[in-house]
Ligand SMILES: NCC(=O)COP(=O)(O)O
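A single chain, nothing else alongside it, follows as structure tokens in the form predicted on its own.
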């Protein structure tokens, strides 16, 4: 069974739109755990337009499942935040400040020196490190050379092509996943995964450790309710 980590950034976006504390990010995270989610993911950005840095400290105090912090480690404040909170996992994502959402993986060959140094810092703090990569075997191998524990495959291209030809869409992800397994890397996936396409990727890559899902899950919760939605997603991860 692939583990489900719920990304709660959209909850923070809704909260911040009114400047108060409704919905309460901490309560929603705890409810996600209570409803069956096996992890909570946050992706703080320097402008704090959704998850705030203080949210990370507050979540660290109360979460009982896996805590995954995503972000760009080239931002010094992000590195300091992660080292101060020591989550179960840090996912390194090369997004820029202007990016609406993550839209590409690392070039783990070109950035090998930087990533190796940063990964070493996080692993010294006993934090599992996942590197966000495109479904490219060379980038997966590069992540291994940098010292990563896992890779997270950027699945937007899979989701975009799913309805036109799902067999074609999944093929590069299977190939990248097989390389990850061969070199001894754990495997995560995330971005644009939904109730439409989640089961197929879990069935096609049964050794997939974890999926991180936020936007689609929170959107579905508007119609189905949060508890029911989490249960629906969990059923999609069972082979």
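Just so we're clear, the structure is a prediction, and the values are computed from it rather than from any experiment. Positions refer to the first chain, counted from 1.
Missing here is the form predicted in complex with the ligand; even so, the following discussion is about that form.
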Quiz prompt | Site status for the ligand placed as in the predicted bound form, C-alpha superposition, 2.4 Å backbone or C-beta test | solution = open
Quiz item: Going by a heavy atom distance of 4.5 Å, is residue 192 a contact of the ligand in the predicted bound form?
Solution: yes
Quiz prompt | 4.5 Å heavy atom contact, residue 39 and the ligand in the predicted bound form | solution = no
Practice problem: State yes or no: in the predicted bound form, is some non-hydrogen atom of residue 213 no more than 4.5 angstroms from a non-hydrogen atom of the ligand? | Solution: yes
Quiz item: Counting only non-hydrogen atoms, which stretch in 198-206, 169-177, 57-65, 183-191 is within 4.5 Å of the ligand in the predicted bound form?
Solution: 183-191
Quiz item: Taking the ligand in the predicted bound form, which residues of 47-72 have any heavy atom within 4.5 Å of it?
Solution: 70
